[in-house]
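Taken one at a time, structure 1 and structure 2 that follow are two forms of one protein chain, written as structure tokens.
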Structure 1
């Protein structure tokens, strides 16, 4: 196994297009690191630079104790798993898995042993004599992973390996991939545009946008404490509700934010935990509210304290929960690049984007479309951002 270090790595194409800009990222030995972001953010380019398939413009890449900038892919001790499996259709499962070892002149008995171990690990023992055309998508992906495992590399690189699978199989396979990585213990860099996949698989997640690294942290930390508007909007499904609001503070004791003519009270602990809010007194801020931090109240509630009034636009009953889409009379704050990101992820009700918000209610809610409801807001869990630079407001 090996740690990976990217130090100010950049990729600029001859036509001037900047694909990756000053990317610095450390991946610990044995860690499962996920690169996530919308299409075109530079995550696959970053992976290909680590693999040696894309020449870097500047910066340094180290794998273990070696600087690999000038090393060919075959000399970097890596194994890649691609989106399209890249299996040889005329070869059996066993031959596909063992092919990299055959190329390196490994003795036949050693190839047989390692292929058998990989097939057993991946549950392919009964399929080793079949050819790819006789396998399901999930089985083909397991074969592709087996071909990477038998090489016993110091680093796995995976480029959207589950994107060609149907939704149910993707859920199953992402659990299997995460379990497999834990068992094998090989350092892994995994690229995906699906933030649910990133959150459920990664030890840490690096969020990229337009060639830049926005934030890297554990999945829960990204969700609970995003550094920027983009991370707040991108991480989470349904997305965080974002609104531009005016902040009013009375000393250090209390305050409120005004949303489209409604006032939402802020208790003192919200202000003391975010002293940076004092600089925004009387100024606009962007407030973020997670859908699960909105709960329903019976009847139409007055908009005092931690309550807001809203009109119900759509109710999606999902069995385990209900997603209630509403209108507060104030537009959602649009963050550049997140509309396409939401579409990439297949987020719910994209046709409502930009006109309201979403709350996560219990499965047996009785709210109905066209009615007015009271929303109780978990004010202690609000997020605040600067509308100009998009950075989180904390200290």
Structure 2
């Protein structure tokens, strides 16, 4: 077990393509760190550089107290799980799991004992004599995990290990991998494009875009307090509703934002908790509203928050809740790179992406398609971003 430290690590390919630029990231001993981002963001390249499968153009990578820049993969004391598992097709399950031990000159009976242990831990006892070709996807995935844990390395690297499984198995293996990691307690760097996987598995999550690290934090902090439009839009499912709006501040007390033709009042504490908003007085901002911060206007409460009127486009009753897709009459603010990533995850009906917004209502909602409704906005939990550079506006 050891901590991992990436210091200004960059990867530039000979043709000038910058895959990763100036990535600085420290992973604590025993931590489960998830690298997440849309495809092509450099997360896999970053992982491969830690593995030693990709040369580093500049910067330093330390595993434990060793600088590993020049070390071959075999000398880094790491184990890796590949997206397609990369099991050795000519070897049995037992030989696959035992291969790293064999390469490290572990005695035969010791190998047999440890392979047995790993196979038991992963529920593969019955399959040790099979070849990978005779296994199902989930079983192959487990063998790949077994091959990783058997050597008790100081670092696990996982490159989208669940992306080839079907949805149900993916959810199951998600829990299994996380449980396994907690059990063996080995520092883990896990790459995925799936923000749900990132949120549910990671102790901390590093969001990457276009070779740059956008933000590193715990899943909840990323969700509650995104540093940038990109993180705000990428993390969360259904994703944050983002609109371009104009900010008006009257005096110092309260203000409002203009969303299309509608005005949304902002109480004083919204402005005081985000002093940076003063600089955007009379200027456009991007406002972000999480679907759960929009609730159904019931005509009774007159408490906090403003109200918006919207037309209902679609109601998806999920049993535990209903997702209400609506149109505010304002185009949603497109964040480069997130749209496709979000659609990839299949959370948004493609014909709705780009026009409306989503609200999370209770399961018993009576809202009907085609009607106009009032939405109560939890203004205290609004997010504000600079439309030019996409940074969050706070102080």
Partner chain sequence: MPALRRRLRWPGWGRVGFYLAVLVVLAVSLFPFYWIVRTSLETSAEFSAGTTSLLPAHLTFSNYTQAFTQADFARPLLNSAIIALATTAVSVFFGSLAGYAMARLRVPSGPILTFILVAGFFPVLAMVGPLFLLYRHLGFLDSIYPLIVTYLVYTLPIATWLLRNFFAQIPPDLEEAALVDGATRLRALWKVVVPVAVPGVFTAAILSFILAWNDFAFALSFLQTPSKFTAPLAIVNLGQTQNAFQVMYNRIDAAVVIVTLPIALLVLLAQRRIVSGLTAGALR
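Numbering follows the first chain given and starts at 1. These numbers were taken from a predicted model, which means no experiment stands behind them. Definition used throughout: the rigid core is the maximal C-alpha set that superposes within 1.5 Å between two forms.
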remark   = Structure holding the form predicted on its own is number 1
ask   = By the 2 angstroms cut-off, has the C-alpha of residue 129 moved between structures 1 and 2 once the rigid core is superposed?
value = yes
